[in-house]
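As structure tokens, one chain now follows by itself in the form predicted alone.
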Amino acid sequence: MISKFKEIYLYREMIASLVRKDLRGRYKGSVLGFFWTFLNPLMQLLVYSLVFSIIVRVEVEKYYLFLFVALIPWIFFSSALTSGSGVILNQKDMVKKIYFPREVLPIAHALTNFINMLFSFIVVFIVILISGVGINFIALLYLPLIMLIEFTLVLGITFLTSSITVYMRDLEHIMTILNMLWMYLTPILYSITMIPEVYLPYIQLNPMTAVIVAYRDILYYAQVPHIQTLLSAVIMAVVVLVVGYLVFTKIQRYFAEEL
């Protein structure tokens, strides 16, 4: 295990190169280019805010902010469910012809989307300042921690889905459908307090529930996340990462044959 980590570390320049390539090529040729990083979440915010503030009324003060501080982390997570599943398939020529630790591809993909989320948080803080909600700087100290927890979760899911998709190509399409279902089972568009108590234990089994609640505590309620919320998020993220990585390492030896 330690030798594998050392090997991945030796390929850190390859990871950095893949991240730079993806960031540069993502909006290459488009008129607005990198500004789509900010415009995409803003357009989603506008649509959801109109629907749930005007048409289907959700009685939440400053709903646009309530939604936005959860939507940005969700977009990062959904990248693991959708584009993350095709990471190995999309680089099949490289996988078949060149030796390198295959873990490099999921790590680079997760890092690319994590960096995109960081840039999107610039807009989040602007919206917070405009809203007048204010910032609790003590609570803000927990933001890097919850970001790291979410990155761990995203990386674990990317390991899992990208490896299985090599053998089961339909999974890439299934994950697109699952992404939509998973979003509505996560307290993004609504508050966790709105969930009937009988269903709450099931919703809390969702690894993104604790993550979203923590983000919202820090950025919307301006309070330190509850220790139980953080512990739950850490445990589930670590479990997903371990399971995802074990599955990945178990079946990666046959990638070249399957591709």
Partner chain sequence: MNAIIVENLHKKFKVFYDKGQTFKEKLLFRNRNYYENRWVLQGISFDVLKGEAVGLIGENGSGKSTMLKLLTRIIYPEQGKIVMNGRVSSLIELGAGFHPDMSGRENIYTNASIFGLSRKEIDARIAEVIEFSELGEFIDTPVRTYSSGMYMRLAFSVAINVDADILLIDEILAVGDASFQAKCFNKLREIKRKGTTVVIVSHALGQIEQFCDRAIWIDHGVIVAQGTPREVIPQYLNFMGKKYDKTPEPAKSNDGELRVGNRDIEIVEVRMLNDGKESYNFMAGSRVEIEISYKVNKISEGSIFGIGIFRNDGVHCYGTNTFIDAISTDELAKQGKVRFVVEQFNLLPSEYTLDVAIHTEDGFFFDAIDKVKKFSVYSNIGDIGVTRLDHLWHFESDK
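Residue numbers count along the first chain shown, from 1. This is a predicted model, so every value here is computed, not measured.
If you look for the form predicted together with the partner chain, you will not find it shown, but the lines that follow are about it.
Out of the listed residues I98, L118, M180, I135, I98 is the one that sits within 4.5 Å of the partner chain in the predicted complex by at least one heavy atom.
Although the partner is absent here, V239 is not a contact residue: none of its heavy atoms lies within 4.5 angstroms of the partner chain in the predicted complex. Among residues of the shown chain, Y245 is not one whose heavy atoms approach the partner chain to within 4.5 Å in the predicted complex. Within this chain, R253 lines the site of the partner chain in the predicted complex, having a heavy atom no more than 4.5 Å away. Although the partner is absent here, M14 sits close enough that one of its heavy atoms falls within 4.5 Å of the partner chain in the predicted complex. Stretch 98 to 106 is the answer when you ask which of 139 to 147, 98 to 106, 125 to 133, 68 to 76 has residues with heavy atoms within 4.5 Å of the partner chain in the predicted complex. Residues of 155 to 189 lying near the partner chain in the predicted complex, listed in sequence order, are Y167, M168, R169, D170, the criterion being any heavy atom within 4.5 Å.
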